[in-house]
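First, one chain by itself: the form predicted on its own, in structure tokens.
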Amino acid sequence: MKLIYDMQYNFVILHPKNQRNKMQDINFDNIHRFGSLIAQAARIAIVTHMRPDGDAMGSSTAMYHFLSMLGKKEHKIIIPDPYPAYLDFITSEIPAGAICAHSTDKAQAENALAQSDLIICLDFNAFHRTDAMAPALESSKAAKVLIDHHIGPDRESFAVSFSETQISSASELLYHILMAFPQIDSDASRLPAACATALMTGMTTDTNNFANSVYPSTLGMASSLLAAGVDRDNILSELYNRHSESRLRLMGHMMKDLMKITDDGVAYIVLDTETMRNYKVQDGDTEGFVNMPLSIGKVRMSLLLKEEEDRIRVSIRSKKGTSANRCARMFFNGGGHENAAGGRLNKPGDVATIAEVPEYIEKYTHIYLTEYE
């Protein structure tokens, strides 16, 4: 596989059999417009979705370092909520105060958005995915750029949109965009080291370490970043070998005592607030758990549900041939990718209490798998 530009400056993936798969939004006009917006901006805000995960922080951090390379002085990462501690290693080179969480410092976050003349939105397809920060984004007069890999982008809200669903992650999409900038010119070794590490981290987490949503372009990205000097062994150590003891004990409890499997091949785990409190669950502690039941042969779909004050967060994963995205859209107020989606159950709208969740899951996944799949 080779990455090239065609005569119209469209980004092209050239496969061994010369099958050309264009990423339509990565073209000369969009790259030029994006570059011009960056050059003209005095203050830039980088924004991602609520409860930012590895891909959200990987792409956001990479964007921060690229802007620094371009000589920008006034740029910040504005996140709806604090990110998990296990991602500290990719943000360690960002100055204190350059990352602001809206949920812990609303005034500072909204002031930064109000003062920005460019807002770069990563890893979400519409403003509502930033939760309480959405009104500030919607009212901002700044030019906005979208870089996202989810279905159904709200293109009307953005001056420039880079949207590609047949790609592993927002981090991979950003990688291809940056490779198209003249300052990089398809040479990954020209990326700042911290930028390259963040991109590899984001892609690794969103593919569950190359277990899902992997495309030829994903492996091409990984190869180029490795050749450029990215330490993948260290990334894997930081991501997977620095967890707390309580996380491992929680995982054992979930798989042994909490996991249920229906006759339709749906595995589900419900985490109530008491369990999370007993195991001292922190943001990111359950990362990857929803994928584990898919290793069971008869399981077609896996759900992890976590109780919050007014809602129950839902993560859905599925095997090829079963659509997690469609199920999430139909019955869990959400959506996402074909085999990896998320949503929520509202309290008291969908269920009155956490005790009603198992019945809800079994009823509606049965309907979905017997009537719509």
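Start at 1 with the first residue shown and count on from there. What you are looking at is a predicted structure, and each value in this text was computed from that prediction instead of being measured.
Unshown form predicted in complex with a small molecule; subsequent notes refer to it.
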Problem set entry | Contact flag, Ser318 vs the small molecule in the predicted bound form, heavy atom cut 4.5 Å | no
Exercise. Would Lys72 count as a contact of the small molecule in the predicted bound form, using a 4.5 angstroms cut-off between non-hydrogen atoms?
Worked result: no
Exercise. Heavy atom to heavy atom, is His150 within 4.5 Å of the small molecule in the predicted bound form?
Worked result: yes
For this session: Report yes if any heavy atom of Ala340 sits within 4.5 Å of a heavy atom of the small molecule in the predicted bound form; otherwise report no.
Result: yes
Exercise. Can you pick the stretch from 58 to 66, 37 to 45, 23 to 31, 329 to 337 whose heavy atoms fall within 4.5 Å of the small molecule in the predicted bound form?
Worked result: 329 to 337
For this session: Sort through Lys280, Arg232, His128, Arg242 and report the residue having a heavy atom within 4.5 Å of the small molecule in the predicted bound form.
Result: His128
